[in-house]
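Okay, so here's just one chain, in structure tokens, the form predicted on its own.
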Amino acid sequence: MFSNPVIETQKNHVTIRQFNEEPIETEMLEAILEAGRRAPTSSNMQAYSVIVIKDPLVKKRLSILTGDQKHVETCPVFLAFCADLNRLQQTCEMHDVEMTNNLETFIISTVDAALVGMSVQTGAESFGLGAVMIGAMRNSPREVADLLGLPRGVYVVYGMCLGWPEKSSIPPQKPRLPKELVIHHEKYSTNDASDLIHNYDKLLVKHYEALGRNLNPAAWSGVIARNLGRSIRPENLDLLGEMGFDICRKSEY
């Protein structure tokens, strides 16, 4: 079997929500962030920014804005990964060019932020640190932007709690969907996926039962159907527009 330390780090990933009080050394954090900056970026735009947050009061406020997630407050370092068009706007102004701002620039900046965050998390885990990504930073994008002093054209795509895992609370790995559902060869497979999904539901039920959690038999598909059976953060289209992301503007050719 082919493997190396990077592959093993990725294969051993688990989500960590409980951290001990040991701080993260400044030099280690800087090394992780510097490595993360080498993540792929569309056309070298580097349309992202990362905000490092250690202030207990700011983390406390962010924990409230993200739905009272205690680990946002208790982690030693919280990272906010931002899609950033502000710097690109300034760059265009240096050359008297009106910057294109539409769905494509929104996607580019959001994907850039996602890629650098994944690189940061992998780097952090290679040192033995634990992390959990916080998508709930999008629950209140305007309030988060005000708290972090974000200029127009910047929003937090997600956050990340970072710290040393509390050894007694490291969870077992959660099973993933079978590879037959997510890895396609040559072209997308449109075969009926219901049997594989049902089997995955059963596998996930066993995982949750081992943790003492009581869920319905459709441990994955039922949750997905419930969550996607309603509109998720519908207000963010208008909010992000007000914050400088013209997602609905048509491209001009």
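This structure is a prediction, so every number in the text was calculated from the model and none was measured. Residue numbers run from 1 along the displayed sequence.
Beyond what is shown, the protein has a form predicted together with a small molecule; the following relates to that form.
Shown without its partner, this chain lists 178, 128, 135, 151 as candidates; in the predicted complex, only 135 has a non-hydrogen atom within 4.5 angstroms of the small molecule. Contact check for residue 237: every heavy atom lies farther than 4.5 Å from the small molecule in the predicted complex. In the predicted complex, none of the heavy atoms of residue 42 sits within 4.5 Å of a heavy atom of the small molecule. In the predicted complex, the small molecule sits beyond 4.5 Å of every heavy atom of residue 11. In the predicted complex, the small molecule sits beyond 4.5 Å of every heavy atom of residue 49. With the small molecule left out of view, the stretch that reaches within 4.5 Å of it through heavy atoms in the predicted complex is, among 190-198, 222-230, 25-33, 64-72, 64-72.
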